[in-house]
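Take a look at this one chain, the form predicted alone, written out in structure tokens.
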């Protein structure tokens, strides 16, 4: 058979192509499928983090900040480990971005504290001299939209099978239960903040947008 193939270059080329294509498929496809799955340790966003993500999108933070670290030394030296596709398994929509007026925020939770984020959002230039980022003082007055965040969490659980019932994530019960969990999660953030408006609101059972945003940014690691 091989002798016959050597005398027929067309069929020989087709045979080589089929062998390489088959080998490529069994080598690439399993890894491709795995890369689309959640990276080990990646968890769905909590309701509080989702509320912060909504505020992030509403105020167009993604217009100036990307969340996609490319596999280049200049990027990994500055921002940390390059992004993996499985890290975005629970992102709807993706916030990769295409412009960096400000730095990439994919790993911001690894190197910024609640205190730093609070001061930066209130007055960016006081923390980063020369910053052109606008002030986001309204976030200290606006109430976080926990209701919409809860509705999204319930929706993605039912439609996309996001594992909110696994042992390492709080189970999604009623809205009242979700609100209680959000308040518990917000406590540590509020305790590390100085703004009196935020603290007074929390004492009354209200979570401000800035608290939810910080929860979201702290989760980006």
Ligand code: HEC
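Residue numbers count along the first chain shown, from 1. Worth saying up front: this structure is predicted, and the values here are computed from it rather than measured.
One more form of this protein should be noted, the form predicted together with the ligand, which is absent from this view; the next part is about it.
- Using a 4.5 Å cut-off to the ligand in the model of the complex, each of 103, 121 and 136 places a heavy atom inside that distance.
- Although the partner is absent here, residue 211 sits far enough away that none of its heavy atoms falls within 4.5 Å of the ligand in the model of the complex.
- Within 4.5 Å of any heavy atom of the ligand in the model of the complex lies no heavy atom of residue 92.
- Although the partner is absent from this view, residue 65 contacts the ligand in the model of the complex, with a non-hydrogen atom inside 4.5 angstroms.
- In the model of the complex, the ligand stays beyond 4.5 Å of every heavy atom belonging to residue 149.
- Along 89 to 116, residues 101, 102, 103, 105, 108, 111, 112, 113, 115, 116 each place a heavy atom within 4.5 Å of the ligand in the model of the complex.
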